[in-house]
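Shown below, as structure tokens, is a lone chain in the form predicted on its own; questions about how it binds or moves come after it.
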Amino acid sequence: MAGSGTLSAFRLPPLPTIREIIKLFRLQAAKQLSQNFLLDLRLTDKIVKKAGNLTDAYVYEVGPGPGGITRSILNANVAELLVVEKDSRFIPGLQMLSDAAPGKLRIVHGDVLTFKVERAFPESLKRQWEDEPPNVHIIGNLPFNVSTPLIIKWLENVSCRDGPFIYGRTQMMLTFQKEVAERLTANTGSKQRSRLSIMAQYLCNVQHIFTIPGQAFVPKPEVDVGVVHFTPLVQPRIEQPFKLVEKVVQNAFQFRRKYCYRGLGMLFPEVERVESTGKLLELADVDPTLRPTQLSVSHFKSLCDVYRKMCDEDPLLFAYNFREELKQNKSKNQEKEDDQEKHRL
């Protein structure tokens, strides 16, 4: 593939417009895949420009579709662009771009949720976690139906320093429904504060860079789109395993309009719920009458640290799932009712 140190900026030769590509290959956005095409190259250029200096960078683009952002990335003079596209209808149009940029564009027909990007780029790109971010970037206009599971997967990769983050603190520039973008960046006390806010912000510096109006996309979605930039932190703000943090945060937010002790109580079996919840909140120095949206990352750090100690003291605690207990109780109650019915007969 093309190496670094090119003397002049690369520019794509004249090509059919994205609209013409869509017509040429008879492409239609698949509603069931939440596909929306961004045709305005001024906007795709803006996304790429805001991602940072991509000269001689190695870029991983997810969900390239008909190739609008792909063109803007190639025109940013990257060393190599790897695109992963699940929908085979888009491959011929992307191949046309590959032919126009020899040695620059690599196309993989696959699923971003399972693709192993850690094997995709040269070992020489790897940096120590404490160093500046590597010259590797992730950029993508994500289909709405995969954006949330994908960012959760990547945040877990950040926590474990694997996947795309085996190279170091790889930066990401991604699109989301505006509401999701607002959740990712919501401050303590905001109505948009959610599980996503905590999970993203304890691991990354997260910025809502700008908003793209829905009418810029084809077909026009019912919502606007937020462009969000992520830079993994050198030191996570909560130093506990990802799954433990996720469990505490998920439980806290499941009753978002109630006091936080209500959701946090679901971390514990019913027989010890009141006592153990009180102990958790007291040791973590968290006011039980705060709403989940009022809890800061620092609050969650204290809660996770105390919950970890409680799990260490009781090895069965982390595996506890209150929904399973509800099912079992329901099943027992049903058996009792059946027995009583039999006796009446």
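Note that residue numbering follows the sequence shown and begins at 1. This one's a predicted model, so the numbers in the text were calculated from it and none came from an experiment.
The next section is about a form of this same protein that is not shown, the form predicted in complex with ligand SAM.
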Practice problem: Scan 107, 206, 186, 142 and let me know which has any heavy atom within 4.5 Å of ligand SAM in the predicted bound form. | Solution: 142
Practice problem: Name the single residue among 38, 57, 280, 311 that comes within 4.5 Å of ligand SAM in the predicted bound form, judging by heavy atoms. | Solution: 38
Quiz item: Exactly one stretch in 316-324, 285-293, 301-309, 60-68 has heavy atoms within 4.5 Å of ligand SAM in the predicted bound form; which is it?
Solution: 60-68
Quiz prompt | Residue contact check: residue 87 to ligand SAM in the predicted bound form, 4.5 Å heavy atom | solution = yes
Quiz item: Is the gap between residue 111 and ligand SAM in the predicted bound form 4.5 Å or less for some heavy atom pair?
Solution: yes
Quiz prompt | in the predicted bound form, residue 146 touching ligand SAM (heavy atom, 4.5 Å) | solution = yes
